[in-house]
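Next up is one chain by itself, shown in structure tokens, the form predicted on its own.
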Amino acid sequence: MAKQGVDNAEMKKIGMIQQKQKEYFALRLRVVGGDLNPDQFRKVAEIAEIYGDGNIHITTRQGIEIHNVYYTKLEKAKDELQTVGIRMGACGPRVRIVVACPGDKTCRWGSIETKGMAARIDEKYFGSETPHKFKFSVTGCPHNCAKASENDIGIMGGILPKWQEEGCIDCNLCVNICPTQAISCENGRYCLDEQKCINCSICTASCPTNSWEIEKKGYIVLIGGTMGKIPRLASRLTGIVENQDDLMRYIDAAFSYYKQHGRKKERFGHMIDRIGLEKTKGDILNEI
């Protein structure tokens, strides 16, 4: 739109997206992990009423968009949102907002703290230029509520359980509820098949006598997930990574590899398929 000096490409970088109605834009807000405080919610409602059409759109990635903002009102709306700490989102070939589930703060299945991790990733990568759009997700466990397997890089909480004979009442509950049949029992002794285990916390969270305990807990890195026209579920890059600094090294290596080898308008997962999963994983892991 060649209107009063408005540069649509530059506007998209900061989350101002031209609608099919050429003089109107949608404001995409930077909502990390889906969290806003009450003052921020009130300000969003106020902006939607004053500058939009009174409606607020909740996006599929826990974000908020205010549609039907006239192009001459964009800067004013942005400035008012910033008074309560709301920054603009992003569009185009760059890193988008990070989504996250509630994690171990409130969820009985959560293995990791998610919101702080999402904020750390957002602070480092948000808005970075990439060959195509790039999405992060942090999910607390293999229940995968934040859909880590559908993102370019997904961080999933995971645990490795260990059976303790003391206290076990041989109720067989763990055998019956394990989603991958990784737990078996023979002569009153319970065993875990680590090849089948998906590192969820169902056994440790459900055992009535706490005979299944957590031996290892941390983060699992998934790479190359995408939906859209050519869907692809993410591939596991790592086992359980036990601390955040090591985790960030894996993320850095995977992100840098995509920036170096991805072609224009090629998603990370499609680049992996072109190069080959095992080669991609080997190259990334060699950089850690």
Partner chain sequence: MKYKVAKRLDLHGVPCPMNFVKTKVALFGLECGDLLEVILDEGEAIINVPRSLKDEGHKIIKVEKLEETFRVIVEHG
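Bear in mind the structure is a predicted one, so any value in this text is a computation, not a measurement. Numbering follows the first chain given and starts at 1. In this text, the rigid core denotes the largest set of C-alpha atoms whose superposition between the two forms falls within 1.5 Å.
Form predicted together with its partner chain: not shown, discussed below.
Contact annotation for the candidate site: Arg108, Asn176 and Thr209 all lie close to its partner chain in the model of the complex (heavy atom within 4.5 Å). With the partner omitted from this view, the residue of Glu75, Glu123, Asp170, Asp193 that lies near its partner chain in the model of the complex is Asp170 [heavy atom within 4.5 Å]. The single contact residue among Ala205, Ala119, Cys91, Ala182, judged by any heavy atom lying within 4.5 Å of its partner chain in the model of the complex, is Ala205. From the list 197-205, 131-139, 96-104, 149-157, the contact stretch for its partner chain in the model of the complex under a 4.5 Å heavy atom rule is 197-205. Put the two forms on the same core and the Cα of Thr180 is off by less than 2 Å between this form and the one not shown. Once the cores line up, the CA of Ile159 ends up less than 2 angstroms apart between this form and the one not shown.
Core-superposed comparison between this form and the one not shown: CA of Cys207 displaced by 2 Å or more.
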